[in-house]
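We begin with a single chain expressed as structure tokens, specifically the form predicted on its own.
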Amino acid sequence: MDNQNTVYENPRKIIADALVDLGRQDERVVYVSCDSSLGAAGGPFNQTFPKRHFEFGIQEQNAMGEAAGLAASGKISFIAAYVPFAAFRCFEQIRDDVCKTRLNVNIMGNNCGFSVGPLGPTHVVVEDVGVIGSVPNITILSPADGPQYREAVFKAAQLDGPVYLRVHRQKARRIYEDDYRLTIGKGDLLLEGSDVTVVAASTMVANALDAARMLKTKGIGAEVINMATLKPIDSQLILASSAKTKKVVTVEEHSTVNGLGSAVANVLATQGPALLKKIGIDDHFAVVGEWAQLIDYYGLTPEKIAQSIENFLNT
């Protein structure tokens, strides 16, 4: 629910600025780009540190191998490409070159979810968390707003091991203040409630907050958690909240198979019983369209999220 003080920020610009600041702090930072990634987030880095930028065009597999090689030689590698090419085309290199060796390679998957829906079915990607999450040793981050994106870049560089950072094209509504600090592996409790726990990530955090405020007008107290770290997931926060509410809803711009919902389900199934509803894209290939159209089509608007939660509570 916007007001005159609502701030929206471009995640790619936030990341571009963060990479330059990080590069100034640490000369080990290098940037590997694959064709369109230079314009998406790497342009300022290239202008500031041209000798630390490596462009590979549409050779994503070679680029991933180079990022791994740079990391093996002591560099802190950031590599960017569209999600389908970063996550799927390079899966072998991610698995064998990056993750088995626990290298400090930070993979920026640009335009996740429905970011670039009009570009066609190859670019509507709602399976990447399941694919990348199946590989050991990798951390998956899916930030919700500008300060969280910036923190994700710095914390990824500090982490001793590979990171997959999901970058959305949609402008992100500001949730946190400038002094926000991200702790990898920990979720953030944004709103307290006693009737239902709502766990969301990326673009769906703002929508979940709006849905919770709608539910409040009906006397329903929704507890909202921003789960920016999808792997490893914050089991303790999920268990603490679900023990209170007994009902959990996950909201994601991703498949409900092997995404946020499945990660939460694993926690609840093995450590703490609670009823669970997953809101997202069911087990099929997503349709093509503009971002707002697809969000509405799959029931991910605040209004439809609120209605789904209300229906769930009444069952």
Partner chain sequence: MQRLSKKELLALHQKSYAMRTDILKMMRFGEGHIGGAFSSLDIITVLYNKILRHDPRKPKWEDRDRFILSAGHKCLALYAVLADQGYFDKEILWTYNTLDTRVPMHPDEKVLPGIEFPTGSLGHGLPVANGMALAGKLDQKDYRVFVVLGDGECAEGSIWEAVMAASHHKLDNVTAIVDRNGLQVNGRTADIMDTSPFEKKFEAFGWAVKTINGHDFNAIYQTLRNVPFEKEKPSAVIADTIKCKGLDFAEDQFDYHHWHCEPEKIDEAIVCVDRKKREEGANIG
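Positions refer to the first chain, counted from 1. Not measured: the values here are computed from a predicted model.
The following text describes the form predicted in complex with the partner chain, which does not appear among the structures shown.
Using a 4.5 angstroms heavy atom cutoff to the partner chain in the predicted complex, all of 30, 56 and 103 count as contacting.
In summary, among the residues 127, 188, 210, 97, the only one with a non-hydrogen atom within 4.5 Å of the partner chain in the predicted complex is 97. Of the residues 72, 119, 131, 240, just one reaches the partner chain in the predicted complex with a heavy atom at 4.5 Å or closer; this is 72.
Stretch-level contact analysis of 272-280, 286-294, 58-66, 247-255 against the partner chain in the predicted complex, using heavy atoms and a 4.5 Å limit, identifies 58-66. Shown alone here, residue 192 lies farther than 4.5 Å from the partner chain in the predicted complex, counting heavy atoms only. Although the partner is absent here, residue 93 is a contact residue: one of its heavy atoms lies within 4.5 angstroms of the partner chain in the predicted complex. In the predicted complex, no residue of 148-170 lies within 4.5 Å of the partner chain by any heavy atom.
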